[in-house]
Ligand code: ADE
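Quick heads-up: it's one chain on its own, the form predicted on its own, in structure tokens.
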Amino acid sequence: MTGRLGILTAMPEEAAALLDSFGPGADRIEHGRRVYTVGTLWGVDVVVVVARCGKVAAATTATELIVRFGVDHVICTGVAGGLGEGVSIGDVVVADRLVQHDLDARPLWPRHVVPLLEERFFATDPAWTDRIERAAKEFVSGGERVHRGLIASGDQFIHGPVMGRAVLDTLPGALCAEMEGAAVAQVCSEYGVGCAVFRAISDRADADAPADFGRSLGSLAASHTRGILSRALRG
């Protein structure tokens, strides 16, 4: 493995275990109200950053990783709300493509199409996606708990049957909903940089989602992020 890898999360809890894994030689660079930790994890040159929530924050941070820090791949990780049938709390969803479920420029462009870019879905890097899927299956000790497919992103915390159904009605293949991945994938596509996105399922995007999210965020996000990436980076 060559080059530098960017690792982006939205919440501090999602990055905590990774940041604790750096040795004493890691550099912390503050820029644009974010802290980028530069060093080596499991033999790989990486930059880890907490972007904060939402598509704008994620796109801004992904751009900085590419332009300022020179990464050649970006991995976006954290938690998400399960939407697909059989996607349960504690499972892992690995994206093979991503879409912005709240993007709607009709009648000028079809729903979900990025204006002037003419793209609806953004694919992930196949090699990194395969690598993360293998690592996730090893980590959770069961292939049935790892799902690969479409992740839907939007500037909404999806909770309750009305919101969840609204996403699935237009994107019936969506496995989970989160707030950053599609923005990262679009930025990476425009810069010609590979990306991968995987999510631990913290809730089912239902009426219990706020409480389930709060319970899952700390332990589940940290353990899954470190457990899967430590295996994926070692290859």
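Quantities reported herein were computed from a predicted structural model and do not represent experimental measurements. Start at 1 with the first residue shown and count on from there.
Just so you know, the form predicted together with ligand ADE exists too; it's not on screen, but the next bit is about it.
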For this session: Given that the partner is absent here, state which listed stretch (183-191, 197-205, 65-73, 36-44) has heavy atoms within 4.5 Å of ligand ADE in the model of the complex.
Result: 197-205
Exercise. Which of these residues, Ala80, Ile132, Val92, Val99, gets a heavy atom within 4.5 Å of ligand ADE in the model of the complex?
Worked result: Ala80
Exercise. Which one of Ala57, Val50, Met179, Ala174 is close to ligand ADE in the model of the complex, taking close to mean a heavy atom within 4.5 Å?
Worked result: Met179
For this session: Tell me, yes or no, whether Ala136 is in contact with ligand ADE in the model of the complex, where a contact means a heavy atom of each within 4.5 Å.
Result: no
Problem set entry | Distance check, Phe121 to ligand ADE in the model of the complex, heavy atom within 4.5 Å | no
For this session: Decide whether Phe157 counts as a contact residue for ligand ADE in the model of the complex under a heavy atom distance cut-off of 4.5 Å.
Result: yes
Exercise. Considering only 210-229, what residues come within 4.5 Å of ligand ADE in the model of the complex, judged by heavy atoms?
Worked result: Phe213
